[in-house]
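A lone chain, given as structure tokens: the form predicted on its own.
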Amino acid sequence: MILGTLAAEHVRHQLNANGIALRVGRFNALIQSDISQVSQDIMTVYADAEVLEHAPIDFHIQLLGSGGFRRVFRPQVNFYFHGHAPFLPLPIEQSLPLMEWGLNWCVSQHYHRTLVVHAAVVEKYGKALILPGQPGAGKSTLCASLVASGGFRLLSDELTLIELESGNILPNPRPISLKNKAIDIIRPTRGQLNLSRVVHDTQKGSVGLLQPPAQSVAAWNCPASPGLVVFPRFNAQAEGGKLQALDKGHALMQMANQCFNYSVLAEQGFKALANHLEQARTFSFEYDGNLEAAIDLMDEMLHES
């Protein structure tokens, strides 16, 4: 059963009662919430998610409104993971971003069957294109463009999962987080993909979430082979795209710094990362915001890999 086929009132009631079990990316989450807006938000960005019955649950999460005077004065939302609150409450308007940030935290802190890297990753021609990047580097904007306009399969916007033995990428297709100017850049190119309501004044500025394509969601269990690792950096003065080969030792050090569980996995993590990079080509990419040209270049490079 697919979430988008259910009546909105039924979803709202289930969330407020015993919760709804959904496949979010490649993980099973039981989600409960007493906040009415959450049901609409989830149906917008998880319309193609599978509703699970009698499936083991990886993460039990709750999005609950604060009690007391906070119910009426500047209402807040609390994120609970298996009954514990790892974060401070946020304004209730930020419920959806908080859920996504919380799910990222669940994976990065508790899933150690793969190496977890802070990077976007897409696939085409059976090969993965990993886009690590610091905040403001433009990785999510480029990722959204590749998926919405370039025919790439979304594997993940935030968390790249590298298998420990093979070096392949395991998909975790969840909504793409767009921030500030990226929202207006992607909005006209998103096609039939839903874009959530935009939430302002978060810790990351204005945030909107782009629905993952149905084909990407359906292929959640189809891994991708190593192809390219490209470190993007947006520079409005770049005058086109500047692609440069990157030494693999340097790439390994940069990616290791972006890993959440590198120290936990220790030697296993090093070997997984080294194995992936041995099979991939590595580059730095400075681009001026011409996303059509960037899509064509990434497509050509990946096709040649």
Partner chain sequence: MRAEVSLIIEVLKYPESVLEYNSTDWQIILSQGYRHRLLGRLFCLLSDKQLNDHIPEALRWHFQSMQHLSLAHSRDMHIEKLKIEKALKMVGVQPVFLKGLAYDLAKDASSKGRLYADVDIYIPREQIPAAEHALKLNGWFQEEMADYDVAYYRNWMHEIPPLVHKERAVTLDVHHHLLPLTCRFAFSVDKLNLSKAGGHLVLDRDDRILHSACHLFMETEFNKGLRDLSDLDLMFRQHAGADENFWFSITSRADELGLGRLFFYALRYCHQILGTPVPQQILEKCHRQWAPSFGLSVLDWLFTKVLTEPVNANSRFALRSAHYLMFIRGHWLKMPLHILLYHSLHKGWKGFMSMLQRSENVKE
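As the structure is a computational prediction, the values presented were derived from the model and not from experiment. Positions refer to the first chain, counted from 1.
Although not depicted, the form predicted in complex with its partner chain is the subject of the following passage.
Proximity of His110 to its partner chain in the predicted bound form: non-hydrogen atoms within 4.5 Å are present. Contact between Pro56 and its partner chain in the predicted bound form is found at the 4.5 Å heavy atom cutoff. Contact annotation: Tyr80 falls within 4.5 Å of its partner chain in the predicted bound form, judged by heavy atom distances. Its partner chain in the predicted bound form is not approached by Met43, whose heavy atoms all lie more than 4.5 angstroms from it. Taken together, the three residues Phe27, Ser263 and Ala266 all lie with some non-hydrogen atom within 4.5 angstroms of its partner chain in the predicted bound form. Here the chain stands alone, but in the predicted bound form its contact with its partner chain, taken as any heavy atom within 4.5 Å, falls in 56-64 among 250-258, 276-284, 35-43, 56-64. Out of the listed residues Arg187, Lys181, Arg74, His200, Arg74 is the one that sits within 4.5 Å of its partner chain in the predicted bound form by at least one heavy atom.
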